[in-house]
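Just the one chain here, laid out as structure tokens, in the form predicted alone.
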Amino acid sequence: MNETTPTTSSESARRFDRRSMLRAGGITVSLGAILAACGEGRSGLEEPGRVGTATPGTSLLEGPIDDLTYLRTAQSLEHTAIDVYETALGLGVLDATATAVVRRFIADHGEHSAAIGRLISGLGGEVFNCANPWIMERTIEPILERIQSSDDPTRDVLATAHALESLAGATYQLFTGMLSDPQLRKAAMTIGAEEQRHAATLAMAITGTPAGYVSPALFGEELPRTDAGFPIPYAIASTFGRLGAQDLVVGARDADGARLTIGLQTPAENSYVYEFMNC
């Protein structure tokens, strides 16, 4: 029977020392490489590394948020609606009745813009007779693109109009609580009520009457959708005015069977029209 020769303590010490030195040497080399990379005189890019190809985020615009900001933002929504309606008329997909309604809405929004412009001028500010640039680029342009290639552009134009009018009404309701002057709050409430009447008119035209009068949500029921998955608008959508996103589904189905779905949000810091902005 062969016996294993026992290892003496001195041999173990020598082996341990060699292994330790090798490990220590490897660590030293690694740390040296790191220190060299981080030390002075290195070359290359200074910014942190990136993984993937995501578009870098954009910083929020900065500026004073005051009555002029709220009024200029509200005025920009009036022109956003006008631009959308004029584009819709150019598509030639609306019948005579819907065309007359849209033309009336364009006139109303023009009057609203003029009224807000007078308030802005009274505060010493500059009017903003243009569509909201942030909302147009990120929300409206994708919607209009899908409408033009839609399987039912008339449906989508009416649904978009309802969402825009609801958004405008919600915005004026929101700004009423933010404006500092009572007369400005009164003007916002007056215009906001007219926007909501526009939305109610469109809801009844889309859903029909009496089905489109009152939302089932007021009776504690779930909000239904059409068989194709479209939201159903109602003239009276809730007990109080809604400030949440206005759901909108438009366009033809894509390769995955989905349509463009967007929630139109009331303006916030990223979509305000600040005093340093101009058309």
Partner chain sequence: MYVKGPSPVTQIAPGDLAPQIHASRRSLLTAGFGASILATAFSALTGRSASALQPSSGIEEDREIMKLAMGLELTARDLYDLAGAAGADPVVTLAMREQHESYAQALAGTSGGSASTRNEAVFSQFRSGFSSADTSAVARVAYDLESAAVATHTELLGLLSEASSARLIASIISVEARHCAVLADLAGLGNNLDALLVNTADPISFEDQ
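On a predicted model such as this, the values are computed, not experimentally measured, just so you know. Numbering follows the first chain given and starts at 1.
Here the subject shifts to the form predicted together with the partner chain, a form of this protein not shown in this document.
Taken together, the three residues I191, Y213 and S238 all come within 4.5 Å of the partner chain in the model of the complex, as judged by their closest heavy atom.
Listed residues R146, H79, R72, H112 were compared with the partner chain in the model of the complex; H112 is the one with a heavy atom within 4.5 Å.
Screening A131, A200, V84, I120 for any heavy atom within 4.5 Å of the partner chain in the model of the complex leaves a single hit, A200.
Using a 4.5 angstroms threshold between heavy atoms, I206 stays clear of the partner chain in the model of the complex.
A residue is said to contact a partner when one of its heavy atoms sits within 4.5 Å of a partner heavy atom; L91 fails this definition for the partner chain in the model of the complex, lying far away. With a 4.5 Å cutoff on heavy atoms, A228 does not count as touching the partner chain in the model of the complex; it lies far away. Taking the partner from elsewhere, R138 is found to have every heavy atom lying beyond 4.5 Å of the partner chain in the model of the complex.
The stretch among 123 to 131, 169 to 177, 138 to 146, 151 to 159 whose residues place heavy atoms within 4.5 Å of the partner chain in the model of the complex is 169 to 177.
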